[in-house]
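Coming up is one lone chain in structure tokens, specifically the form predicted on its own.
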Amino acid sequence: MDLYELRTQKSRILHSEARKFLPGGVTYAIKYWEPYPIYVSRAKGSRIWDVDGNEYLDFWMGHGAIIMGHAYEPVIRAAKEQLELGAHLGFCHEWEIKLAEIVTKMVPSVRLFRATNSGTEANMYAIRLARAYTGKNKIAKFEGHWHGGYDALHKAVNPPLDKPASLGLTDCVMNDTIVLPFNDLDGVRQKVKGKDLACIILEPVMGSNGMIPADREFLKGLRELCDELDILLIFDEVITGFRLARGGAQEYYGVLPDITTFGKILGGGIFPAGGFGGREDIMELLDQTKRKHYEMSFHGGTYAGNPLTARAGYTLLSELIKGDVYPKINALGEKARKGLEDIFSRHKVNAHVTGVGSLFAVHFTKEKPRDIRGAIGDTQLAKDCFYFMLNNNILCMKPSKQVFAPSAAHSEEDIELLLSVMEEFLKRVPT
């Protein structure tokens, strides 16, 4: 029995129980690793504890949703108070207004906003809205970009890119989705030629496939191309929204989309949440006071914008709008990227770091990747690195690629610990 199994016996027992009731023993495949995942009992700041009492330095931070650290007190207090007043009402309330208002203040391109229950929902409604506004059916997305489980966007997500991303996706849906090469404007021009697209959607920073940022000039060129061909540009800012800057990636890059989608941080770091917003002339297609139902683009949901989530989100955004957190977390990201690149260089290992702001990822590749194809590297070395980190009480995701999203609760000492563990790992790698 290896060190991991010796330290995590209660997690092993829980996973054995979970397999009786959950397919694969988990609620999301990304949470699983062999021979079983850890089961977390509590979290605070930058740390989490598993059911066996092991303490970990957490760099996954709730899939990047937790920007201020676990159990951030102002949000917890607001949530507790709202629980007493009413967590789910089914009627209009002031917090949905406050949340929408602060989003429009923070995000440059968003003039009107609607809340959803997840980033997947936000992208689904955004695509429908783009089709409604343009009257066109075909859409385009980029290789390796993840926009949630919505059928029309569940294409060319992970290698091999020519294989179905899931069973159950129909040809009639997939044929309306064009796949584009990331960070390659000439390639995009060739692919969209004659396609008459309703929209192009992308993550300004390709997330789960390795935090690979878009080139600034690529985004500017994409904006110009969309204007030229009358295509709506959608930024999926589920990860980058309120993370790279107060106004997300669009503020950071200085490129404005027509529609923006949100998730993760929008729920205060503790509740499921999503949302989408954009220009008035686009968003007014959701306005039931101006149109009959068959003239509208539908959006709704039982829990969309519920007061508990909306208040938690508003409370967190009220802190983020001050802007104080960004220099700190971005400096942590930069320290990690520079430190890791230095370690890889000194050990003469084929590895690189990508990312921007507080986001970064490790790629065991010969060249620094600019897209998903360049991010395909030494998967065994990546897996060995993941387990070495795990056994040294550092958590990130995932075994195939290490992705990090530090929070305001992390310190420079936490980054130093990460660097020292990586250094120790590479000392054990044959050259």
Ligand SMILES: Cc1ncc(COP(=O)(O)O)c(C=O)c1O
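Numbers for residues come from their place in the sequence shown, where the first is 1. In this text, all values refer to a predicted model and were calculated from it rather than measured experimentally.
Below: the form predicted together with the ligand, not depicted.
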- Message: Would you classify residue 103 as touching the ligand in the model of the complex, given a 4.5 Å non-hydrogen atom cut-off?
- Response: no
- Answer with yes or no whether residue 141 is in contact with the ligand in the model of the complex, where contact means some heavy atom within 4.5 Å. no
- Touches the ligand in the model of the complex: residue 301 (any heavy atom, 4.5 Å): no
- Item | Interface membership of residue 239, the ligand in the model of the complex, 4.5 Å heavy atom rule | yes
- Query: Pick from 119, 257, 210, 268: which has a non-hydrogen atom within 4.5 Å of the ligand in the model of the complex?
  - Reply: 119
- Message: Just to confirm the contact call: exactly one of 345 to 353, 141 to 149, 290 to 298, 106 to 114 touches the ligand in the model of the complex at a 4.5 Å heavy atom cutoff, so which is it?
- Response: 141 to 149
